[in-house]
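Next comes just one chain, in structure tokens: the form predicted on its own.
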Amino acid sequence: MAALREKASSLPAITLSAKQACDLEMIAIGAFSPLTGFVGKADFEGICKDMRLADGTVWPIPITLAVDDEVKATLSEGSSAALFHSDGTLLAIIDVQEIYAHDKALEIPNVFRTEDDAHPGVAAVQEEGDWLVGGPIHVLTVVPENEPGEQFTEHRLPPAETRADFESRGWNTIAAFQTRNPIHRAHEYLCKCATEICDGLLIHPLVGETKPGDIPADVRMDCYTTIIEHYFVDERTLLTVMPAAMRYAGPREAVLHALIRKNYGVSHFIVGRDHAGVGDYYGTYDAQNIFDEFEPGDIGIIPLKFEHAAYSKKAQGMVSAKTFPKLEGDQIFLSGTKVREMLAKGERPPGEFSRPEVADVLIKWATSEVPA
């Protein structure tokens, strides 16, 4: 470590964006395996065109280190560069194997299936630098010196520790639930169904960079711990966080999330309605259908494809189109906008939509003078 720090002091510096810092941590802990660094040109093009690395391994979204003209001028292939967090913390050194043009015209329509600048993932790529730096990284730390707020240290288990935890519990089959929102009744239904067919459940919220308007990670974590305490079987449930950044890339991101969970030791992956989607850019079940484009061994994890679920007043429980006939006015649906309006007024959404204990956490946040 000391040698790396001394080496870094004489190297050109690259200050990472929030997304890049998340990506660096995911590489460092093995969550992005087989990647050992930021992708080079051949991998970038293979991912964008075919959802595969140059060696044929399935990988749906390029993990890139974009820089602008000014930074690019300080770099040279065959040398190294020091990677810093925005707060000045030295995080890693990258071996600069390649510097190549950032082909946004190739990346954006392939990865996001749209070129609309209103799409948060498209906008993020458009704002990035016009050059990409590819090469392996040598990590000193993934924790910034001045990390704001809660880092969820207790729940921040890297893949090796998660796999060890599963083994210690005697779990051979594990279902993972990806979320960037509090768990409402429909989510709970999916998790319970998955737990019935697997030895255990990994509730695995994404706590890296998300778009403005998403509920803060610390508030969501309070929601997760609350619902687990009251409504899940503790010995069959594990809560850990995933420090990745959201791309909002819908189908391709669903595949990425599955591959990541395989690295964490998971055997089954819950893919619900509009997984990793945003707005109306993707079809309701596009994120499920994309898995049909691969052979079973390509991804190495079993996708659990769930229909949209809701509470049925007639059935007096959670149902889906597969389990109960759709009756006019029977099912309770609430838009995200409606829920936020209710919370801001201090009103609980109906118990058929959200557990009261979770709603209380959200009301406290929504009605606070300075939201978390």
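It should be emphasised that the depicted structure is a prediction, and the values quoted were computed from it without experimental measurement. We number the residues from 1 along the sequence you see.
There is another form of this protein, the form predicted together with a further copy of the same chain, and it is not shown here; the text below is about that form.
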Checklist outcome for this item: Note: exactly one of 41, 338, 52, 314 sits with a heavy atom within 4.5 Å of a further copy of the same chain in the predicted complex, namely 314
Item to check | residue 345, heavy atom within 4.5 angstroms of a further copy of the same chain in the predicted complex | outcome: no
Checklist entry - Are any of the heavy atoms in residue 196 no more than 4.5 Å from a heavy atom of a further copy of the same chain in the predicted complex? => result yes
Next on the checklist: Is residue 325 part of the interface with a further copy of the same chain in the predicted complex - any heavy atom within 4.5 Å?
Outcome noted: yes
Next on the checklist: My question is simply whether residue 231 lines the interface with a further copy of the same chain in the predicted complex - judged by any non-hydrogen atom within 4.5 Å.
Outcome noted: yes
Checklist entry - Quick one: which of 213-221, 246-254, 273-281, 232-240 gets within 4.5 Å of a further copy of the same chain in the predicted complex, going by heavy atoms? => result 232-240
Checklist outcome for this item: Within 320-358, the residues having any heavy atom within 4.5 Å of a further copy of the same chain in the predicted complex are 320, 321, 322, 323, 324, 325, 351, 352, 355, 357
